[in-house]
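Next up: the same protein chain in two forms, each one alone, written as structure tokens (structure 1, then structure 2).
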Structure 1
């Protein structure tokens, strides 16, 4: 595609659609919008805009579409695959000023929000109403970014990914048209399912300007456990047994020894430095959760667990899970001279021990630094590689291992990306994973965005 560089006329027009103080071509602003939390190199947009409402977004898109100016939507910049980087220049539309919670309908377990709302802020506001929005990708992710990437987190094993928690969307299409899709009703079989098409499309089909979210009641009781294992494989086996048993954990996270050691160092906790599972249950009563914990203890014991600590209080549980959420950051801080690559494969749960063993072996053989931590409960493996910035050997080995792990996952019936999205880094695996259905994804892209202005350079090579 040929895109237009912004000229003075474009700048005046775009400024007019927003306001002089909500439009910037300043270098520092552009730099702030040139990088997410991935290894991908900085890509500077030509300008950044902060719209306040849907009609401003519509005007911006309509004009950009006519002028062939690339438009990339921006939430918090916390993505891990370069998803919101301006690969082809153009403008970044930053949604941080569209951050209002428009309505909370407690009775319906629903909230209407703008895309710039940070999910953690939303949950703070909902807490006293006894409700929460379940997906928890960590960082300061915005609802808009979570929808774009169909984010998930530690609670997905019980509550589903973002997709399972969206009821209704307002979307601005590439040509500026506004459509609303979905319903406040709990289900619908009316028309084609555009919500699921837009969710996870990484800002390449349309831009979300309002979302009706499905909320959940805060569970009456929580309980967490920390379980240590002699090997990653034995922990992986315990994960498989727990899922198979139908115990329905609300989180089931696997961390390897390196991760635990980092957490100990950063938080002053004193966890056994062994492969470890963080497990959480939500339930209606203490007696119920106690029963579930007992079964879990037995299952872990039969997978050779070394230590099983349950009944930990709310504070300690919060500390555990906040350290799990901050793990990515801790790894980055621990290797200041490095760049990082996050493998994000997911496999059927029975293949989970196999993919873990394979990944660990590859890492050891290759002699590179990598951390294994994952949303084990849904078969999602994160392998975070640290490679020295200008060391070609490091990166050659890392890329080779990454390719082999992803191919293995796909051959086991899995996927290249369980939750981070395709972005820039996983485009190369799309043909292998999707075969000829990739062509139909491209056709949908062409239908929605014939000029290719929406987040170009993503998903498709």
Structure 2
């Protein structure tokens, strides 16, 4: 598709839709918006705008659509598959100034927020009301970015991904039209579910300008356990038994021995360097949490656990889980001469031990550095590869392994991406995963965005 390059007239028009100080063609600003946290090469936009309200967004998109100027939405730049990069140039619309919490309705467990709100900051504010927004992708992600990617994280096994926690959306379409979809009711059977269509569409169908979020009551008590196993298979069996038992863990994470070795070196936790589950529970009382933990201990023992460490209370939970939350940071700090690829697939729970065993075998056979960890409770596997920056052999092998793992996940009835999104990195697998339904996805894209200006170069090859 042919896109227009910005000329002086376009620049003057776009400046008028915001304000001169909220529009930039400066090289430093464009560079800051040319790279996310993925390994993909920098892609410079031609200009960056910071809208303050929905009306400004509508005017920007209407003009861009008429002139065939590509538009890419930007939140925190924390994506891992090149999702917010300007593949075709054009403009970046940065939503960091649309960061207001518009309303919190405690009695309805709801909040209305703009897309630039950072979910961690939202939860700090909600804590005083005994509420929280459950999805937890880890990075300092914005709500808009989380909706675009259908982000999830460690707590998905209990609370669901972002999609399960959205009630209403305001969306600006490519032509500048504003639509509102969803209701404030806790459920609905009315009409097509446009919320689920928009959530996870990576800004290719429309741009979210307001969201009504489903909130949860902040748990009264927390507990956690760190459990070592002789093999991935035995850990996988424990995952199955914990879920089948109805214990309802808030987090159920599996780290391989390489991750545990790294944690030991950096924290002094002195864990057994074996496949290890990190388990978290939320509950109404210490007695309830204590009973759940004892049943968990028994289930893990029946799956041949080697070591079981547990703690009750927020402080003990934080102590045990802090190393899990810092793992990504540790990997980067311990490989300063490397670039990184964060691979992400998901499979049915029954296929979970098989995909992890396959990934470990591929890494060992390839002779590259990679850390295997996962949201075990929902079968979401992560592989974080560390390849030397200028070593082509490293990256050839890493890419080959990543491709085989993704294809294996799809063959097992899984998906190319559990939570990072398609972006640039997973486009090549869409036909393999979706078959003929990909044709209908393209038709939906053409209906919503006939001129293809919204985040072009993503999802589809």
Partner chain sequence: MIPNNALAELKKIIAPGSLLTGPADLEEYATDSTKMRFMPDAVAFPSTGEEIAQIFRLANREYFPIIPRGGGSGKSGGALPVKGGLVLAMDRFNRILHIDTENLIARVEPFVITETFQNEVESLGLFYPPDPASADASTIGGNVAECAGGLRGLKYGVTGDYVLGLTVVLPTGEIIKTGVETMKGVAGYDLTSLIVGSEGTLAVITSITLKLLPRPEAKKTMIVFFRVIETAARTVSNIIRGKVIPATLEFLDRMSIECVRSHIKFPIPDETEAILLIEVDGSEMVVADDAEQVRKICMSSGATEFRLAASKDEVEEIWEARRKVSDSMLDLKPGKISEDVVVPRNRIPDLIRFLEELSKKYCLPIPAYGHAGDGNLHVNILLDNTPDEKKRGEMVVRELLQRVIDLGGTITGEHGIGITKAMYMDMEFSPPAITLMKQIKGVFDPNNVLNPGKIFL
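Numbering follows the first chain given and starts at 1. Quick caveat, the model's predicted, so the values are computed rather than measured. Rigid core (definition): largest C-alpha set, two forms, superposition within 1.5 Å.
Student: Structure 1 or structure 2: which matches the form predicted on its own?
Tutor: Answer 2, the form predicted on its own.
Student: For a quick test of reading the superposition: does residue 206 move by 2 Å or more at the CA between the two structures, rigid core aligned?
Tutor: No: residue 206 shifts by under 2 Å between the two structures.
Student: Does residue 236 count as moved between the two structures, where moved means a C-alpha shift of 2 angstroms or more after fitting the rigid core?
Tutor: Shift at residue 236: 2 Å or more after core fit.
Student: When the two forms are laid on each other by their rigid core, does residue 184 show a Cα shift of 2 Å or more between the two structures?
Tutor: The answer is no, as the C-alpha of residue 184 shifts between the two structures by less than 2 Å after core alignment.
Student: Quote the shift of the Cα of residue 316 between the two structures to one decimal place in Å, the two forms being superposed on the rigid core.
Tutor: Looking at the C-alpha of residue 316 between the two structures, the offset is 4.3 Å.
Student: Mind pulling the C-alpha shift for residue 302 between the two structures, with the rigid core superposed, in Å?
Tutor: Taking the core as reference, the C-alpha of residue 302 is shifted 2.5 Å.
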